[in-house]
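Shown below, as structure tokens, is a lone chain in the form predicted alone; questions about how it binds or moves come after it.
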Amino acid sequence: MNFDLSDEQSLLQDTVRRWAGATYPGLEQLAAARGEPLGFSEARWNELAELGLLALPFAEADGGFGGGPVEVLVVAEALGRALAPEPYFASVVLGGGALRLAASQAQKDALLPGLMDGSSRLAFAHSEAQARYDLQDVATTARPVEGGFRLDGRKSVVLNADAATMLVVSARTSGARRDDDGITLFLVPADAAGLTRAAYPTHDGGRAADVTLADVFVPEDAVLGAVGEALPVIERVVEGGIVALCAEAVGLMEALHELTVDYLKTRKQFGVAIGSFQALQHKAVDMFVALEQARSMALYATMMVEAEDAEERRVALSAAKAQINRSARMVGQTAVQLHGGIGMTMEYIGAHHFRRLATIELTFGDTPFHTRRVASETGLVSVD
């Protein structure tokens, strides 16, 4: 199988890497962007729109460029290398993924133009505090009323929710809290009466918010997809998110490995560069091996994310996420060890790569969660 990028994909990769490298050449520029009210520069966001990146994964019939998982991988990896804080993952991959998979044509016509030109942003409000990684665990309720629904509940750690103009909210229209059936997706304006967002910085320097819905009314045409049948859509959105996270992690690990090798070449001890010490060379090689293992699994996840068999797709993406998690921890921790104390200081950009990798490790399933899933669904262990 040929894993080389096509000419168009290589051009896309070069374009995004050039933009990211020029926009965030160092920690000073990154800190300035994170210091903006929304945690990123709206001017830079508009530049991504002008480059066509916000329209990339959407169908040409809807005004997009018809990009697939490989194109998203290319963009996520390039943005990851530069630690770009723009909410591409939250708005385009997650929120946009829900639109792409479940929206009616009328909803696409109403929302996609703003999303693609950068004037509006989405947030995917699904996770709840009690659910951990179980996607079917939804306590937020939506009760039918005349002309629509009333939503009540609380969503936790909604990425870039404070920057969103529209939220994709999951709520239970029927069934018990952990039932597979009965979950529905709704499009809820960020300024809807009864909706509040408590925003805060995340461990990796990003932004998130806890979203509270108190008797929030939405009309019937705010339903995204079929009533009570949203879980398969949510699973596909998360699977697409895992692919993007895998790609971003590869970009982060690649940049962190390069930083570490450069440091070994310049840091001197006993009158020589510490990179001349064989033990440290072996550590750097171990980092490279872990990086390449992660790159292979990111490509595998990209190849499998559109597989028709849901169980096969689920196992493949869990296997990829488990390996990405292991590689991210190994590369991050080894980089800190080889740098010494400077590797943990917030004045050094490598520490920011490490923190982002640590956050990715826990997003959409940690290593034990995905390892158990692979083991149980392949029959290696009993699920009883």
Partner chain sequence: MDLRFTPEEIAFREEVRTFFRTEIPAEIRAKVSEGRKLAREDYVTSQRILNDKGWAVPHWPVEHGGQSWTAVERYIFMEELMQAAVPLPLQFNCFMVGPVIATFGNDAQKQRFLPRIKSLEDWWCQGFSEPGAGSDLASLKTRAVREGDHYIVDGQKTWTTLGQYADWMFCLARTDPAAKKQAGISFLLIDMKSPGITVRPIITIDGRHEVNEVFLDNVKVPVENLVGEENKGWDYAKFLLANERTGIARIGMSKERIARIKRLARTTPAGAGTMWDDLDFRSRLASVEIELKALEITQMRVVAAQATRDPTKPDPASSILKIKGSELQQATTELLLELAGPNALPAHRDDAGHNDMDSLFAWADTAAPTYFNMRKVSIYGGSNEIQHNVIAKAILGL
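Please read all numbers here as calculations on a predicted model, not as lab measurements. Positions refer to the first chain, counted from 1.
Omitted here: the form predicted together with its partner chain. The next part is about that form.
- In the model of the complex, its partner chain sits within 4.5 Å of a heavy atom of Lys283.
- Contact between Val336 and its partner chain in the model of the complex is found at the 4.5 Å heavy atom cutoff.
- Contact check for Ala351: a heavy atom falls within 4.5 Å of its partner chain in the model of the complex.
- Put simply, Arg326 is far from its partner chain in the model of the complex: not one heavy atom of it is within 4.5 Å.
- Checked against its partner chain in the model of the complex, the candidates Ala32, Ala61, Ala43, Met346 yield a single residue with a heavy atom inside 4.5 Å, and that residue is Met346.
- Among the residues Gln130, Ser174, Ser119, Ser104, the one placing a heavy atom within 4.5 Å of its partner chain in the model of the complex is Gln130.
- Stretch-level contact check against its partner chain in the model of the complex with heavy atoms at 4.5 Å: of 133-141, 250-258, 83-91, 228-236, the positive one is 133-141.
- Contacts between 143-174 and its partner chain, taken as any heavy atom within 4.5 Å in the model of the complex, involve Arg154, Ser156, Val157, Leu159.
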